[in-house]
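Just one chain follows, in the form predicted alone, and it is written as structure tokens.
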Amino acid sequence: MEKIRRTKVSDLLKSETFGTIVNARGWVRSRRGSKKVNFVALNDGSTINNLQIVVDVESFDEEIIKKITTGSCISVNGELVASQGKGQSAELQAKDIVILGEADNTYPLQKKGHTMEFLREIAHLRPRTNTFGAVFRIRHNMAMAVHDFFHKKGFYYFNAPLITSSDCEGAGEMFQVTTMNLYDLKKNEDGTINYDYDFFGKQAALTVSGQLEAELAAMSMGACYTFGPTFRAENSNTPRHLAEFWMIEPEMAFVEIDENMDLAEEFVKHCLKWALDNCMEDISFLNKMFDKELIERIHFVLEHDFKRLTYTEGVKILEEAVAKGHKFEYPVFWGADLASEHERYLVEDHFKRPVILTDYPKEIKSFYMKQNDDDKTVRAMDILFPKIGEIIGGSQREENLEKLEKRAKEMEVPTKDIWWYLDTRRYGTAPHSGFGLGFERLLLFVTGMTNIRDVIPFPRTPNNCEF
């Protein structure tokens, strides 16, 4: 076979250099046809669309044809011609075919429908499906959108540690990191574990958030953001929770709550517009196959200003809905941590636009949020989206050392472990704010997928750590 530089399928499908000899390589999605001519659907992951390879059966060895099976990997030299069929402008008339990798009839992705549950069991192969090829191309583009937005805004990308000794949220749901022999743990006289024998000489865990470290950067560099994996050892088997997920967490010095909300709204809209501008083929496929309202919903968010109101006002609206006969699974009262159904009611039924809720009760929010003068609420902000509920959570941070120490003590956050964090309030404190966006929550919205396990390549959930 003559050595010709490979051209991606995405480029061949857009090409009009008909009559030229080109090389395409990829995985066979299907082969159909007669004894005289076969049609092979070839995909290399560069686009959701397949390149049709037209094979004159009599021109090839029978053994070669037999090995062109679903899942096999082939290299084809052929003439690029205008397609006679509908749906594509170009196809390849095969001249030479080399089988790069065979796939027998045990290949699990034969041409038929597969359930999402089954595809999670073969997560190492599911990117070869149309659905997951689309989802993971969109995931890549959303990561590019994140970096593009913050870079153009003058933010610095800051890498927070994955291994830490502090619990940012104070919830205690952390994965322990240790090099000690778990079958022979050294203990102190009082029965506690002696961490002198451990790698770090102290208790360590995987991070639940890069926020605290990002605040340190903001207190020296003005504006920064982290974007990386975070971990929660929360035993939640729901379509909205993962044990390992990615977080985007900007932090800004000299920014208070209103400017924080402005930036969060602008950021989300930037990402959604990027998706429409760069991923329309994939989004259109998902709109057609999974969620007929996907494109409409993305436009809906882009075209509306986000409604801003306080938590207290939101609870009042929900209580009035209950009084008029609307039924919620979870009770509504001032002080309740609102459930997704409450958040979606405000967005989808009442305001019919995305909502930013502010000024939550301090009891249901983290220790680092700035307290309001009423001593009951904090300057928190949550952005609520249709179909998702909360997609962003943020706040103005408490810059007052005395108030921060008092709140940490009330919430049983050990200040000895965050002495370095408290130093930012001790040396040149300043008003500052930030927020966190769960990357997979954004992807749920952009792809229309209904389970968060289907927007990350290898989901980590209770009792599941395959691949």
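The first residue of the sequence shown is number 1, and the count goes up from there. Only a predicted model underlies this, so the values are computations on that prediction, with no experimental measurement involved.
What comes next is about the form predicted in complex with a small molecule, which does not appear here.
Three-residue candidate spot F227, K370 and R379; no residue lies within 4.5 angstroms of the small molecule in the predicted bound form by any non-hydrogen atom. Note on the partner interface in the predicted bound form: the residue among R120, H147, H241, K269 having a heavy atom within 4.5 angstroms of the small molecule is H241. Residue in contact with the small molecule in the predicted bound form (any heavy atom within 4.5 Å), chosen from I97, I257, A223, M247: M247. Checking 313-321, 199-207, 385-393, 281-289 against the small molecule in the predicted bound form, the stretch whose residues place heavy atoms within 4.5 Å of it is 385-393.
Interface membership of I452, defined by any non-hydrogen atom within 4.5 Å of the small molecule in the predicted bound form, is confirmed. Under a 4.5 angstroms non-hydrogen atom cutoff, the small molecule in the predicted bound form has G436 among its neighbouring residues.
Under a 4.5 angstroms non-hydrogen atom cutoff, the small molecule in the predicted bound form lacks E102 among its neighbouring residues. The shortest heavy atom separation between R407 and the small molecule in the predicted bound form exceeds 4.5 Å.
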